[in-house]
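Just one chain follows, in the form predicted on its own, and it is written as structure tokens.
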């Protein structure tokens, strides 16, 4: 025979496991339904946001070491403070706040929804009016039909929905409006959820970057499935000489074909396949110029000849000579390392502009020389002749600085913002009002009217409205 005691023990163990699981679930639910958790997460997010403002984001690690020292930099890197909004712990805070809002909404919304939607099923009780703080009783001298018409008309004009009840010795009316105002906080909860979800989508899958692009240059898109070319860049000026606007013309190239061309300026980006390209900056290239202005010097002459123009990468004849010159290089802030013999630009600022030129006599190369704008004559441009060249001025190659933003959560955040706006409107400007009226005959041509109501906020306005309703029922007219 089977051992019943063991079977009962097995059921007891199973029941105990289910009970412990239920208890654990209740504890988890209570944890995420806690106001303390809400405050803790919000304060933590606020503090971390301040930290993210103090510590510059997405900078080279070397810059943190120079600014904060090795020990603090190690902590910054370990905790990923340098890219805080993509760190696991910041995302964890957002997830916890999201779960907190979800649990709080499910805890409070269903009972509220059920009670407000079932309010029409409540039995009409004339005694309720006597218990209301703003209840009032008055006598109306009119016909039964007239009184009923007035009651119906006044609530219609006030925008109420109405239900009538036949009661012993008279009839009752229940009127209400503005129920949606009770759901303002729930709309706000939903909006916060949408904003948080949109933020997490943008953090997890979004992209933000910056790119300097010269005219004619082509760059790959963040997704890599199309390219972007800068066709033109220019600056508009006011009559005073101040910059009014800087503009770029961009072309999208996909599968080798030009699919879109658009002029952009500040606050007018190019939008393509979820990515926005903003005109955010401009400047002069440090390693390239549009053209140089050179001047010919004759040995023994007091001054140079009239400057002539040499375009980047092109050759130009030197006026009055058999020579030609080609512009092949430029550095905005020239430096030379004697140990490595490396040359370049130490910064993007034109502190020491220099051009590299090739000089030709017919088809014969003569020299390749550096011409310094601030220090002419250091190196002879045309050695072994009675001529020399000077670097007089130049026209810079301007680049367009593009901010690149791909945020898949943007539309979700916008939807959340709209829902939040609706929630504020419902919460602060829509009042849930309920009014009960009981009409009973008191004599021939006279009717006892009991009137009372409830409102979830703004009692002063409601008192005035009840006074108007009572006045209309009494006289058939609104008081001026």
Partner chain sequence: MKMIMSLMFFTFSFSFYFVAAFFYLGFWVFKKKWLGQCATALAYITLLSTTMVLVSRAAESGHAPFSNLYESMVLFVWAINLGYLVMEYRHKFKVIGAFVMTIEFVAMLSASLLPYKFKSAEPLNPALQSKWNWLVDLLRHAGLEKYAIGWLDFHVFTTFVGYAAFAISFGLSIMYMLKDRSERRGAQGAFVAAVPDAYTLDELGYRAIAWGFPFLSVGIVSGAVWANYAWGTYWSWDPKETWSLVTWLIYAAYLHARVTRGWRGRRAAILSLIGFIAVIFLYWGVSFVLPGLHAYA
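We call the rigid core whatever largest set of C-alpha positions still superposes within 1.5 Å between the two forms. Just so it is clear, the structure is predicted and the values come from calculations on it, not from any experiment. Positions refer to the first chain, counted from 1.
Form predicted in complex with its partner chain: not shown, discussed below.
Proximity to its partner chain in the predicted bound form, defined as a heavy atom within 4.5 Å, holds among 112, 311, 227, 244 only for 244. Contact annotation: of the candidates 42, 61, 441, 28, the single residue with a non-hydrogen atom within 4.5 angstroms of its partner chain in the predicted bound form is 42. Remark: residue 189 counts among the residues lining its partner chain in the predicted bound form, judged by a heavy atom distance of 4.5 Å or less. The closest heavy atom approach of residue 157 to its partner chain in the predicted bound form falls outside 4.5 Å. Of the heavy atoms in residue 35, some are within 4.5 Å of its partner chain in the predicted bound form. A residue is said to contact a partner when one of its heavy atoms sits within 4.5 Å of a partner heavy atom; residue 454 fails this definition for its partner chain in the predicted bound form, lying far away. Here the chain stands alone, but in the predicted bound form its contact with its partner chain, taken as any heavy atom within 4.5 Å, falls in 83-91 among 174-182, 344-352, 83-91, 367-375. For the partner-free chain shown, 405, 407, 410 of 388-410 come within 4.5 angstroms of its partner chain in the predicted bound form, judged by any non-hydrogen atom. Taking 2 Å as the criterion, residue 242 counts as shifted between the shown form and the other one: its C-alpha moves by at least this amount when the rigid core is aligned. Core-superposed comparison between the shown form and the other one: the C-alpha position of residue 45 differs by no less than 2 Å.
Relative to the superposed rigid core, residue 446 undergoes a CA displacement smaller than 2 Å between the shown form and the other one.
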